[in-house]
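Coming up is one lone chain in structure tokens, specifically the form predicted on its own.
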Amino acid sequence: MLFDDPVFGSRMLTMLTLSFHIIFATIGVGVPLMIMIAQWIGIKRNDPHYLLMARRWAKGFVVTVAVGVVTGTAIGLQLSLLWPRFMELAGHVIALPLFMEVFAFFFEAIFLGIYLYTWDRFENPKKHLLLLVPVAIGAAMSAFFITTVNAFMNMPEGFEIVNGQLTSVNPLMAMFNLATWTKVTHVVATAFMTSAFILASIAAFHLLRGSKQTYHKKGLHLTMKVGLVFAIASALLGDFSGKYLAEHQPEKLAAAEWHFETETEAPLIYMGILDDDQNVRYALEIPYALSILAFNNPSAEVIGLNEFPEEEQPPLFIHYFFDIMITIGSLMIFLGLIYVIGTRYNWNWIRQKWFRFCILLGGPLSMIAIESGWWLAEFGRQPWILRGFMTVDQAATQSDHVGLMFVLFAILYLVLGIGVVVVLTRMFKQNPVEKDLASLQGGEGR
């Protein structure tokens, strides 16, 4: 099908590109905040460990930014090549946020370059810290603008179609549609959460390998606390997203929850499998929970999937993406709470290898939750590319070369993925913490 069906091939190539890009986009949004927090603590406490964290994280961040530029460019290219009819219809509406996203990236990149070049060049280190403010703002604004495009695809506003022609275009209304705020806040919060837990995984990895460096212990403590804060924030914002779906995209919520019949006091279906007759088996059914999730009312009526034409129903496998996302999110909140409480009361077992191994898994699991959330969002919009106006089948290219493009881009992403791992590994192996710390302090030390 990849080579024979251009619509299927376009969908798979877009999924591949977005799935790969979201790794670097998430890091690109979240890590600047972590760098800024570490450097602020280092300056406030005159602590070389936190200052070194900021410096080392910034070095690694530059590599991920470079790869993110390539994958982000690929997305822009594929929008025009794979979805020409969508761009023909909606291009005039979404041109503003697409342009502003590029502007925000260059804004971030310019100040990141100045920040890296001016290490140790300011007598007052607080002035150097201020350079991170536009970097963090640029990263967050980049996420904001590109997410507004996705929100527009789910809630198209800011235009009218008269006799098949696009008229009355209002780009600001399109950007600030009803879906924007729930999507943007959830995307940014989960990026902060995931970046923190990835950095915690790196610290846990070094401690598991036997490192006694205080640097790694402090890094683990900082990132776990920040990760916990944003894990809780992500859960709360996810709740708002569920309420948005209940009101404005009830078919997506119904498919994600395997809720087929409209009913009051609707239960939430967690896990389970679905047989050919749409009977749910082996699931945990939580009474009233779906009504509470949707409307904060245990007696509220929740629209079932059977209320919608079959050709407009999202695929039912998105239920698994929802389960993966909320399961991992809940686990990370639990893991963070245990760590913070255990640190507060000096529980020895949180320093055991098995617990640090759980922290090590937390970073990759958080990224899997990010991927699952995006797959839920994108597959859950099916069959629409622009909800209510254009289906995926109508928007896709009819080119016979999509399958070849998939292979070429897959090779590119494989090379980039291997390359970034090799570069980061060599960079930090050749410059271990001990060497950088000694250089920073002007002598040996911890």
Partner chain sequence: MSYEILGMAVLWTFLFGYVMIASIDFGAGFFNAYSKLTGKEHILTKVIQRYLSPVWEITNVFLVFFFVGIVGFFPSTAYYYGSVLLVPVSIALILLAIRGSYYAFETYGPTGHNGYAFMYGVSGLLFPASLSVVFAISEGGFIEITDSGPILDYWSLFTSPLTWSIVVLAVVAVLYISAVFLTWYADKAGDTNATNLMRKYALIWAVPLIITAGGIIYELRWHNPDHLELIIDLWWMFAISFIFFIGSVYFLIKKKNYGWSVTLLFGQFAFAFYAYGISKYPYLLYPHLTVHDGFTNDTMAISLIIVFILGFVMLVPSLYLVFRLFLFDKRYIQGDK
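Remember, it's a predicted structure, so these values are computed and weren't measured experimentally. Numbering follows the first chain given and starts at 1.
There is another form of this protein, the form predicted together with the partner chain, and it is not shown here; the text below is about that form.
Heavy atoms within 4.5 Å of the partner chain in the model of the complex map, among the stretches 194-202, 113-121, 366-374, 341-349, onto 113-121 alone. The partner is absent here; in the model of the complex, the one residue of Ile333, Leu316, Met87, Val133 having a heavy atom within 4.5 Å of the partner chain is Met87. Residue in contact with the partner chain in the model of the complex (any heavy atom within 4.5 Å), chosen from Met141, Leu82, Leu129, Ile328: Leu82. For the marked spot (Phe99, Gln398 and Val423), a heavy atom within 4.5 Å of the partner chain in the model of the complex is present in each of the three residues. Among heavy atoms of Val402, some come within 4.5 Å of the partner chain in the model of the complex. Under a 4.5 angstroms non-hydrogen atom cutoff, the partner chain in the model of the complex has Ala109 among its neighbouring residues. Put simply, Pro171 is close to the partner chain in the model of the complex: some heavy atom of it is within 4.5 Å. Among residues of the shown chain, Gly76 is one whose heavy atoms approach the partner chain to within 4.5 Å in the model of the complex.
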